[in-house]
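One chain follows as structure tokens, the form predicted alone.
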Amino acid sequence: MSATDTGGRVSRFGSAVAEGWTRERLGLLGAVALVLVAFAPPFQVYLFTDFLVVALFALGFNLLYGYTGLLSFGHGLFYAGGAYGIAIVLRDLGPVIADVVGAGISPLVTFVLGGVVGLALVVALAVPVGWLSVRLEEIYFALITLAFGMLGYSLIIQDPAGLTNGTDGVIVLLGTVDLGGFSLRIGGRRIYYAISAVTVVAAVYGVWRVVNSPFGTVCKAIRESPDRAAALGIDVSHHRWMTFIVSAAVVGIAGVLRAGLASVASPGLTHWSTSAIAVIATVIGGATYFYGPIVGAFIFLYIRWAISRFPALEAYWELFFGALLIAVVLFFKQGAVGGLLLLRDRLFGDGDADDAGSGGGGARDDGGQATAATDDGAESGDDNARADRGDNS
């Protein structure tokens, strides 16, 4: 790439930032916010890292739910798969890797290798589970994924072959990289935040590319009408299966990050209540918008943290979240993102409420316009035919 091309891209980016609340301006503000968080108090760094992990978890879940129309209550299985994959590698292969590459760099090598193994384990689980699950739809799909998730939970607490350590889980010790007198503790809050932020941003970009590709367009078509998609020659079951695997892989990455953040891989990660966190975050934020699960995860975690600041309210936090969900379902049917866009339209008069990375609203609007156009064309054709018959008579 020449210097002229780079300068042109920078100039176009600057112009887009100056035009208003464009995608470029929001992206720049997001990048600045990620940098500033690194200088926040340690607990706030930890809380924001937790938010990033939950946001990626919900985003991976929504790839299946919001873009393909399949509600899963078993994605905790893949969340736990990523966590246990890296935990077992760190526990069992850490000393072996240290002997091979040296003690100084081995914590980093083991961490990266564990992440790859965790992701591979998740994909290996998702292939058969997805193949069986996508043969069902609606509530039956939700129930079979719930069954697989609880089956994984039961298997983990049985401690097969001594791998999972039963109900106690597997402790995750990330270690310290030491090279030439330079020490870097991977598990340090700011260091781990930086690792998580880079990983999550890369994964979010990858999911964004997927949903804006022809593959993502087919997902939306299947969500709107599986029968019409099949009539166009799309193998609906196969495409749902592939989407299931990609969704599980994204959730598995979140699981890998969760293990390092919590310093343990526990059976609770695969419980249905953990899967419900992704569902709640997606509903709060808005399933039909790409950034809906991310916004929902932010609202979920930070309201939960705010409630915990008041001991008198902490015991009843489920009551507050229940009221929040009722309010969202009744008054913000497109979630918080849809509500914010509606507010923006009323304040600034922008008549385009479905342009913020929507994966669903815009598709439905286009379909409605197409139907209306077809009806108008049919009525016009009928009028012309009646006119012709009148002239002939």
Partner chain sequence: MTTVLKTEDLRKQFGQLTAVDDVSIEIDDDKITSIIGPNGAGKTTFYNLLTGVLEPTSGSIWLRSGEGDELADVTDAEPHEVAQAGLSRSYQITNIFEGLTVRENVRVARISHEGTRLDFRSRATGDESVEADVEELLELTGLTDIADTPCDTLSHGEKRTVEIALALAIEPNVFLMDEPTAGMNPTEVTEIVSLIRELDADLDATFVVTEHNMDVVTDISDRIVVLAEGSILADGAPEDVLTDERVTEAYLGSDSV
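This one's a predicted model, so the numbers in the text were calculated from it and none came from an experiment. Positions refer to the first chain, counted from 1.
Separately, the form predicted in complex with its partner chain exists; it is not shown, and the next lines address it.
Here is the short version: of Val123, Ile234, Ile277, Leu143, the single residue with a heavy atom within 4.5 Å of its partner chain in the predicted complex is Ile234. Taking Tyr291, Phe321, Phe215, Tyr192 one by one, only a single residue has any non-hydrogen atom within 4.5 Å of its partner chain in the predicted complex, and it is Phe215. Comment: 222 to 230 is the region of 222 to 230, 155 to 163, 182 to 190, 84 to 92 lying near its partner chain in the predicted complex, near meaning a non-hydrogen atom within 4.5 Å. The closest heavy atom approach of Val210 to its partner chain in the predicted complex falls within 4.5 Å. Taking non-hydrogen atoms only, Val177 never approaches its partner chain to within 4.5 angstroms in the predicted complex. Using a 4.5 angstroms limit between non-hydrogen atoms, Met242 touches its partner chain in the predicted complex. Contact check for Arg135: no non-hydrogen atom falls within 4.5 Å of its partner chain in the predicted complex.
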